[in-house]
Every structure is written in C-alpha cells, then in structure tokens.
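Only one chain is included here, represented as structure tokens and corresponding to the form predicted alone.
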C-alpha cells in the first residue's frame, strides 16, 4: 500500500464569522489548500458536526464544490460529533492507502455561532445519549466536571494545579495567527473566573468558534509530512459503568494501535495536539497517550512546559467542533516543518481527535 503525504493545507482563523455562510467559508479554505498543494483532487471528505442543526444545511459537500466550480468529484460527509475531523482524515487516509484515489481533500467546517448560546449547548449535548443522558439534563460539561473532581481528589491536586492548563494554552495560543484568543492570562485570572460546573471554571472551557480547515492528502506526491498511521477506537461503556474516570478508554486503545503501526513510542513524540474541550480532557489525553504517567500531567505543567497543543488548544485556538481534527492535522504538520509555527525539535507528532465524552477517539501519527 502506498504512503500518504500532506501535500497542501490551509486554515481559517477561528472566531465569530457572521458574515460568511458555512459553505463559502469551507470553499475559501479548500481553494487555498488546493493552491498550496498544486494538485487536483479525486474526492472530497467533509467533516461537520452541526451543519444540519445550526445551519439548516445538508449536502454540504456538494455546495462547497459548487462554490469552486468543481464538477463530477465524489463527496463524502463524515459525522462523529466533535471527533468528525479526525474521522474524516482517517477515511481519506484509508481511501488513499487502498489506491482508490491518488489525491483527496478533507475539509472540516462548523459555525456554532449561527445560533444562540443556549441552542449551542443543546446541540453540543447531542453527542451524549439522547434518551438516557441528554433528556435528563446531562451535558459534556457536567461529565467533565465529575471527571475533574475525581481526578483532583485521587491524585491530591488543588484546583490551582488544573487552572495551569488554561494558562499554558493561552501562552501557546499567542503565537498562533489562527487562534480565537491570542492573549496571555495569569493564573489568578483562571482561578478567579466564573464557576460553571464545580470544580470547573470559565477558563476550563474551550469557547465554541466558527472556523474551517482543509488538508490535501496524496499518495503520488511524495513530499511534505507523511501520515505514518491512523487508528480509531470506541468506548461502548455507559458513563455510569466506567470502572475509572481518570482514563480515556477510547484513546488508550487508539493510541496503542497507532503507535504500534507507526513503529514508534510516545517518547518519540515532539509535538501533540489533543482534544481539550475542557481542561480535564486535555490532562487525561496527555496521560492516555503515554506522554506522561497517569496522574502526572499537572505536575509536569508545574515543573515546566509540555510540548502539547502548541496551537493553544481548544481554550485559545477555539473549539471548532467537527472541524477541530482537521485543524489539528494541519497544526502538527506545520509545527514539524516550521511553517506558521516555530519548528519543534523532533520528527514525529501526534493528533488526538475525540467525539463525545470519550466515546470515539482517532489518533494520527505524523512524521517528516
């Protein structure tokens, strides 16, 4: 099977883009990625988790192609909640490895700010079980708060230790021209911010943002960063049945498979972009990837910098829901090559894209 290379990419600055339709935003970023790749595509994969609910638009991929005047190209829509981006990249990767196509594009796009904040939260909660969780008022935030409370108690941390995650994310996001919030914050800002679901405060929550990202993947253009492996796993356990709440089970398995297929270990990773829609998820992702030992992420932040979420993560770059996984692929590729970001010291990066509260995780290993 042929190798898969990242031939071109483009990002749209995350934020609130009321003046842009969702298909126009996606078409704009796809056009830039195609120009960057200097390649024609055989297929388009579109990742979006809210287009029907927030934008009242189905067949999104067809209208993206229409905007660019691209005809007769097969298009596939991928929805795995806020893990849609990683899933779309995985499907595109497998299509290229099977040699069904030579070059394909993946576009991730979401515009949650087209609806009111209470509608946003209701849409976000559809990643939970509608009949047994969402119906009774559970949200991803409430589950994240429970997991944070258990983690802090188990490993004897204080909330101030968890708040350092947000401070670190903002310090990274300052250097990301595509980030929603590009400013430093102080520890006391995070600690004294509004309580949203005890123990989590406002600075523990990644803001929902509009945005779009595109990547062109090819198996016949052997230049640029290469996708070494991809693995996806699910966690079928109900939240109430999980034996431990300081582990991301879907990520554990996906990471094991991805590192095994890439023939590297977590010690080889120079940069990682993980799913930290809430600060505790970022902490657990770092540990479940094996980048630090279990219970050791907050101590590692306190002792020094972590090469994680150099984009600023969800807290600074923003949470673009189903598009985030595509952002992460581009960010890691650019961090490894020194494009738009300071070049990291190493040859391997990893992406963690997660749907729901540890229901689906996709891990992508990228190398140069």
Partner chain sequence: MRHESVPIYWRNIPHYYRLVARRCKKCGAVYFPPVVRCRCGSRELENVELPHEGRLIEYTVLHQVGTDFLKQKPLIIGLVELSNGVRVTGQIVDAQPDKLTPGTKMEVVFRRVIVDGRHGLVMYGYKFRPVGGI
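Computed from a predicted model, the values in this text were never measured in an experiment. Positions refer to the first chain, counted from 1.
Not pictured, yet referred to below: the form predicted together with the partner chain.
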Completion exercise
Answer among 181-189, 233-241, 83-91, 254-262 for heavy atoms within 4.5 Å of the partner chain in the predicted bound form: the stretch 233-241
Exercise for the section: Answer for residue 137 alone: is it within 4.5 Å of the partner chain in the predicted bound form, judged on heavy atom distances? Expected result: yes
Practice task
Indicate whether residue 193 is a 4.5 Å heavy atom neighbour of the partner chain in the predicted bound form.
Solution key: no
Practice task
Give a yes/no on whether residue 149 approaches the partner chain to within 4.5 Å in the predicted bound form, heavy atoms considered.
Solution key: yes
Practice task
Using a 4.5 Å heavy atom cut-off, state whether residue 73 contacts the partner chain in the predicted bound form.
Solution key: no
Handout entry: the partner chain in the predicted bound form: contacted by all of 129, 143 and 198, heavy atom 4.5 Å
Key = yes
Fill in the blank from the handout: If we test each of 294, 153, 226, 97 for a heavy atom within 4.5 Å of the partner chain in the predicted bound form, the one that passes is 153
Practice task
Could you spot which one of 220, 122, 160, 268 gets a heavy atom to within 4.5 Å of the partner chain in the predicted bound form?
Solution key: 122
